[in-house]
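The data below hold one chain only, encoded as structure tokens and taken in the form predicted alone.
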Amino acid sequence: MLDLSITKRFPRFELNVQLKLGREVLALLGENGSGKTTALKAIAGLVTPDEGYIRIGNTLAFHSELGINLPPQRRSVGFVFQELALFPHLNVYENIAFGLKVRGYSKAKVNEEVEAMMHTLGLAELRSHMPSELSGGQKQRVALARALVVKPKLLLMDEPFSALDQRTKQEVREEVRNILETFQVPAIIVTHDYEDAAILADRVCVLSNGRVKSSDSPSAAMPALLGMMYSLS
């Protein structure tokens, strides 16, 4: 579902990542500044690599030599931002509907898809609520609903639990796991928390200094994670 090999150069940092993803949930772990979010944004089309290619499903989304660089709305990717990025002036229904409207869906189709998504994620009773009226877990569900309602080939989540307290984080992790199992959409979750990977991921890639250092199951990746944490202490 995803095949990429990209390089992105910055004045003091170079991201050089090769990655393949099937029908699975991948956790991309690493310390702050390792390039996790940059890699995610490159896949989504929010950052343009200097070299390489990105293939999402059967779509070649980026290829430096061929001059291909599809805009985000043509990449069939759902993105849940770290800060969730819900529109504060739109209610729950309108937030979820936003991506469908941008893509030119008819009013009837928008309503059909949004109603179905709200029912699936238990948001129907919150349809008229504004983001400021929602709990952290409810906001997370709305952000997921907005990303999933466009039926993406790939779901990207950037530090999805970082703003939550520990108790809420544990509850929302379980909710997200159930949602991912329900929709069976390939996903990449960027995090620096091993518990996120242990609960949600089928596979873990450890990113350090802009490069993938290991790729394995959450349990098998633990030694590499401990080594990384020890080197930072």
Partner chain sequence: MNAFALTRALTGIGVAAFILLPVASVLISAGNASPEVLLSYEVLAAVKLSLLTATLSTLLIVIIGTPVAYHLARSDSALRRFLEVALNLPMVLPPAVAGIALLAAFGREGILGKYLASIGIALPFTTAAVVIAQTFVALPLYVRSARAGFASVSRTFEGASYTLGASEFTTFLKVSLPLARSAILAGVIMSWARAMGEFGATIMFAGNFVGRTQTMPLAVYSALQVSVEKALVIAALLILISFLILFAFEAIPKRRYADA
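Numbering follows the first chain given and starts at 1. What you see is a predicted model; the values in this text were computed from it and never measured.
There is another form of this protein, the form predicted together with the partner chain, and it is not shown here; the text below is about that form.
* To do: Given the partner chain in the model of the complex, answer whether the residues 6, 53 and 70 all have a heavy atom inside 4.5 Å of it.
  => No, the candidate spot makes no contact with the partner chain.
Answer with one of 124, 85, 116, 163: the residue that has a non-hydrogen atom within 4.5 Å of the partner chain in the model of the complex. Exactly one listed residue reaches within 4.5 Å, namely 85.
Q: Scan 198, 46, 185, 179 and let me know which has any heavy atom within 4.5 Å of the partner chain in the model of the complex.
A: Result of the distance check: 46.
query: So in the model of the complex, does any heavy atom of residue 98 sit within 4.5 Å of the partner chain?
result: Output for residue 98 is yes: heavy atoms within 4.5 Å of the partner chain.
Q) Would residue 141 sit within 4.5 Å of the partner chain in the model of the complex, counting heavy atoms only? A) The answer is no: residue 141 has no heavy atom within 4.5 Å of the partner chain.
| message | Considering non-hydrogen atoms and a 4.5 Å limit, does the partner chain approach residue 131 in the model of the complex? | response | Output for residue 131 is yes: heavy atoms within 4.5 Å of the partner chain.
Can you tell me whether residue 105 touches the partner chain? I mean in the model of the complex, with a 4.5 angstroms heavy atom cut-off.
No, no contact at 4.5 Å.
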